[in-house]
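Just the one chain here, laid out as structure tokens, in the form predicted alone.
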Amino acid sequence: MLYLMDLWETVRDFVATGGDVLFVVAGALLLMWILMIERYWYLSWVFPTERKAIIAKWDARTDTTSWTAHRIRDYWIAEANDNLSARMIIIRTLVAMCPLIGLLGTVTGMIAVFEIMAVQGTGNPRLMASGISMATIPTMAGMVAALSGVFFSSRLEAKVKMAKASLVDSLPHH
């Protein structure tokens, strides 16, 4: 229990020195991870059932060679692709936005430094240290959030492409 309290104090101090922009970075990171976990859940549990249903419908068709059958097959593949790719743009956007949100923290931290310099002068570097930490910590947090998202979102995109290719291969046409 004491360890958890120490950990909480460390996190609270980190957020206090980083400024309010860290809350925005944390919100973007939380949303990004919720969406990525949902996509992994969809790919692992929901899509295999949908894939089996599509394959069963295709296998149940007597006509798989006509122009109409090919259009139906293309429609099912496109519909499955839409379901597979849902929310991937939002995930990529959040990955790209995290460093930019961190840079917003840099700007607000530097504004705080300049404000302290204007009011107190440049004689006291200790007063400027809080503004400098507000400028650097959100940038670091944004970069770390983006790095975690880059790795897992690229892995997720690869899984989406493989799932689509597997579905296309499972629907033979003549």
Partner chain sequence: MKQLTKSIMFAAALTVSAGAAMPVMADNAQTLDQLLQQVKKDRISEKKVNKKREAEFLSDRSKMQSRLNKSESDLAASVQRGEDLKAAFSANEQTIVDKETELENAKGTLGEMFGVVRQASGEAVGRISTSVVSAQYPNRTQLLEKLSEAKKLPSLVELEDLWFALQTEMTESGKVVRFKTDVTKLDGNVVSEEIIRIGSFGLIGEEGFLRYDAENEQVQPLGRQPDSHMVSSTKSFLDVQSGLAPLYIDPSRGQILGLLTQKATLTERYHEGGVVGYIITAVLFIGLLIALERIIVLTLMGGKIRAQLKNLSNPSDKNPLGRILKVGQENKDADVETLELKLDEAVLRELPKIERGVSLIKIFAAIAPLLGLLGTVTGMIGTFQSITLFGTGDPKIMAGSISMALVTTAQGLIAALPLILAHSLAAGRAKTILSTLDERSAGIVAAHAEQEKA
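It should be emphasised that the depicted structure is a prediction, and the values quoted were computed from it without experimental measurement. Residue numbers count along the first chain shown, from 1.
Note that the form predicted in complex with the partner chain isn't included here; everything after this is about it.
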query: Heavy atom within 4.5 Å of the partner chain in the model of the complex - residue from 124, 49, 44, 68; finding: 68
query: Residue 61: touches the partner chain in the model of the complex, heavy atom cutoff 4.5 angstroms; finding: yes
query: Contact flag, residue 140 vs the partner chain in the model of the complex, heavy atom cut 4.5 Å; finding: no
query: Contact of residue 118 with the partner chain in the model of the complex (heavy atom, 4.5 Å); finding: yes
query: Residue 111: touches the partner chain in the model of the complex, heavy atom cutoff 4.5 angstroms; finding: yes
query: Heavy atom within 4.5 Å of the partner chain in the model of the complex - qualifying residues of 77-106; finding: 78, 79, 82, 85, 89, 90, 93, 94, 97, 100, 101, 103, 104
